[in-house]
Structure formats: C-alpha cells, structure tokens
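Below you will find one chain, with nothing else, as structure tokens; this is the form predicted on its own, and questions on how it binds or moves follow later.
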Amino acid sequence: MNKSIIIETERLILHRLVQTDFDNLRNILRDEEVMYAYEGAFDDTEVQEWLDRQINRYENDGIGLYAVTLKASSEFIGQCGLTMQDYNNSKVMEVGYLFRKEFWHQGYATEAAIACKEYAFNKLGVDKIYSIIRNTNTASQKVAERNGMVMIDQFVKHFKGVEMPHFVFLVKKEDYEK
C-alpha cells in the first residue's frame, strides 16, 4: 500500500494510512482526552485493529480514513476521510475526523472535512454525506455544521458495553451546490 495523496488542500495533505503510520496513529488513539467520545483510549491491539480496518476499507470500499499531514512540514496531525457506516438499516457514506489535541481549534478538521465532502460529491459521485457524532462531542458537531451539514436524527450506538447517543448530520449535494 502506498502513501499516494488522495486529497490536497491549502494547508493539508490526506493520504492512505500505511503500517508505518502506526506510531503516529497510536499518539491519537491512546490519548484519553482525544478519545473521550469512544469511552477512552485504545490499547496497542485496538490501534492495530483500527489501522487494519482502514487498510481493508481502501481495498474493499475504495475509501477510508486518511492520514492528515501538514503540507508545510509533513507532520502527522490527525485523520479524516470517508467510511461506510450503518444508519437507519442501510450503509451511508460518512465523513469522519480525529485530530491530535494540540491541533484542535485551528480549522484543520473543518478544512479536511470540507475537502472530503467535495471529494465525495465531485470525484465519487455521491449525493449525500453524513457525519454521525456522539451527542457529547460538541466540537465535532461544530465541524459538521461548518461543513454545511444539518442535524437530521439521533440514535443510540452500543460500544464497549456503553449506550452512546449520537446525532446524525447530513449534507446533500444539491444543497451544497446552491
């Protein structure tokens, strides 16, 4: 698997995760504060499973969460991308994002999420993009709103034995193009 660039923005490069990204990914997924919406930090086995899941998604779905690096320095600051998620008894395309906390509140998540939405609409030809966000994750909800999304629903996910209320955000291509 190569690190070919999938998306490029003014400040960011998004490329496929590869095994050599493990340590960078671990820095995010093992951070309790970053992972609060997942009921806590992952251990190394869970980090590897997360990485393997992305690599499998690239092969099977043609999409997944991508490494986000700063264009100016190539520093790995987070991940953002498109995945297929279960919602309302079907699979929907979701834009998701997760960044190192020292890069929060600098517009990187919004920049990456908008670029992923545009990629989905313009390159993949989809007509709807979702973001499914835990109800307590107000920062990610604000990113979804800045990405032109509106909350349309809520439901409960079960993860690590915990019931987690989630909000469903949506943007349609027809609304984006207006």
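For clarity, every value in this text was computed on a predicted model and none was experimentally measured. Counting begins at 1, following the sequence as shown.
Just so it is clear, the following notes concern the form predicted in complex with a small molecule, a form of the same protein that is not shown.
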| property | result |
| --- | --- |
| Candidate spot His15, Tyr58 and Val92, all three touching the small molecule in the predicted complex (heavy atom, 4.5 Å) | no |
| In the predicted complex, the one of Ala109, Met149, Ala67, Ala115 near the small molecule [non-hydrogen atom within 4.5 angstroms] | Ala109 |
| Contact residue in the predicted complex, chosen from Leu29, Ala120, Ile133, Ile63 - any heavy atom within 4.5 Å of the small molecule | Ile133 |
| Touches the small molecule in the predicted complex: Leu82 (any heavy atom, 4.5 Å) | no |
| Heavy atom of Trp104 within 4.5 Å of the small molecule in the predicted complex | yes |
| Non-hydrogen atom contact Val143 with the small molecule in the predicted complex at 4.5 angstroms | yes |
| Interface membership of Asn137, the small molecule in the predicted complex, 4.5 Å heavy atom rule | yes |
